[in-house]
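For reference, the chain that follows is the form predicted alone, supplied as structure tokens.
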């Protein structure tokens, strides 16, 4: 009997398993599956499987199904989840405060101004600042511009005074709410509906797609289309995991991400428009379009945020943003 035959068979079997081994990527996010981010995540998962010919399987976990949004970043850094798409405000608490420039009110008038940052060298340089934190920045995904909601009309700046507004953890957003006399309340996204329902907070700021898919229209009587701030995401990966991928697989995933980014940014406005139509049709929330003067008054009231928060974000970063957008808070 040839004793080497069983050993050879075992080695061949191991080799076959290695060839057929599938890399699993856990991709967690905090919003609903039918939001722009949720749909783009599924799009990426599909294209990743196709381009790698099944070598990679991306498992998408929406609605904080895997981890609460307050736990996701540490889970990524430890490697228990491989990909996230957190809002840009999440990086300030990590010490990369330049990202809080995206939180400044009325920074962008439209997506053209926004993409001058996110699709240009400034945005790429900011993603690179995440690497010392063990994070690989892959792309920026749009969600849209935020509007305020509450259980009372929000027309004049005075209407915001004394109301508690839920915000993400961001010193810039805290100052934004204080600038109009409101009370900022930092809270996990998954807790917002109940907080609005029970009166723990009076209102919130969200792109309309988040407002609609999280059913906030059921617990908010008024929505004012202020478009005062931007909410977007950075798609990120655990750097050690990403760098350890075979070069060909990594390249295929990068291509899948490019395609998913185009898709995400394309549908963001479409989804917000559809969501706004849904809110109006529900009849549960009164939607108000501010006049030009009312919106300017809100913009002027929030302008001091830019001055007060300059040192936190960095003058150089803000100047890069102002150069791209043409915004000048000193002239309001």
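Here the structure is a predicted model, which is why all the values come from computation and not from measurement. Residue numbers count along the first chain shown, from 1.
What comes next is about the form predicted in complex with a small molecule, which is not displayed.
Using a 4.5 angstroms threshold between heavy atoms, residue 189 counts as touching the small molecule in the predicted bound form.
Residue contact check for residue 211: none of its heavy atoms lie within 4.5 Å of the small molecule in the predicted bound form. Using a 4.5 Å cutoff between non-hydrogen atoms, residue 87 counts as a contact of the small molecule in the predicted bound form. Residue contact check for residue 206: one or more of its heavy atoms lie within 4.5 Å of the small molecule in the predicted bound form. For the options 82, 252, 168, 227, the one in contact with the small molecule in the predicted bound form, meaning a heavy atom within 4.5 Å, is 168. Residue-level contacts in the predicted bound form: of 30, 48, 264, 298, one residue has a heavy atom within 4.5 Å of the small molecule, and it is 30. Here the chain stands alone, but in the predicted bound form its contact with the small molecule, taken as any heavy atom within 4.5 Å, falls in 228-236 among 131-139, 253-261, 228-236, 113-121.
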